[in-house]
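This document opens with one chain alone, in structure tokens, the form predicted alone.
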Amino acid sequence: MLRRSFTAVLEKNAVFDGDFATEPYEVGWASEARFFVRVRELSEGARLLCRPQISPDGLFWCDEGAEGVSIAAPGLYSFAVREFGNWLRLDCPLDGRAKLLIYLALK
């Protein structure tokens, strides 16, 4: 069986000034997911936490359980998520200002 893969761009050069969550993405067909967070700009002293959340319906959310990634400098960051059910998103508490690209790679 040929495995399918897909990469979704969840945020493209978006600027955030505080806490946010990405748009939910339906991923029930996939068995693996990997988030990539590219931080293009981060204000001095800013801290960003990106942690995965799961949902059965895309409306009500709970933390997936993975630590996610803590970010304090520009760069590319990534982490994998498994056994996630039907919907995924990132919950991102942000203390400061950030310009980001966020990708979700699925297979």
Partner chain sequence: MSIANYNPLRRVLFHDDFDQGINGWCELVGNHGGDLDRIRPAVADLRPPQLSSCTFFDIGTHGALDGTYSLKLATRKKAGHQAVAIKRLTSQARGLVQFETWFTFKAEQQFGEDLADWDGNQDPSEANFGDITFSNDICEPGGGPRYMFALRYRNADADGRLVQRWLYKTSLHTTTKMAVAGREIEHTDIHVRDPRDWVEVPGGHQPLCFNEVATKVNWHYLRWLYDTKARRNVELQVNDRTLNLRNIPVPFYPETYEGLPNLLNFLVDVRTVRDVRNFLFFDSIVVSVDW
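Predicted model only: the values in this text are computed from it and were never measured. Numbering follows the first chain given and starts at 1.
Quick note: we don't show the form predicted in complex with the partner chain, though the next part is all about it.
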- [ ] Have a look at 42-50, 25-33, 62-70, 76-84 and name the one stretch with heavy atoms inside 4.5 Å of the partner chain in the model of the complex.
- [x] 25-33
Open item on the list: At 4.5 Å between heavy atoms, is L10 in contact with the partner chain in the model of the complex?
Closed with: yes
Task: K99: touches the partner chain in the model of the complex, heavy atom cutoff 4.5 angstroms - done: yes
Open item on the list: Would you classify K107 as touching the partner chain in the model of the complex, given a 4.5 Å non-hydrogen atom cut-off?
Closed with: no
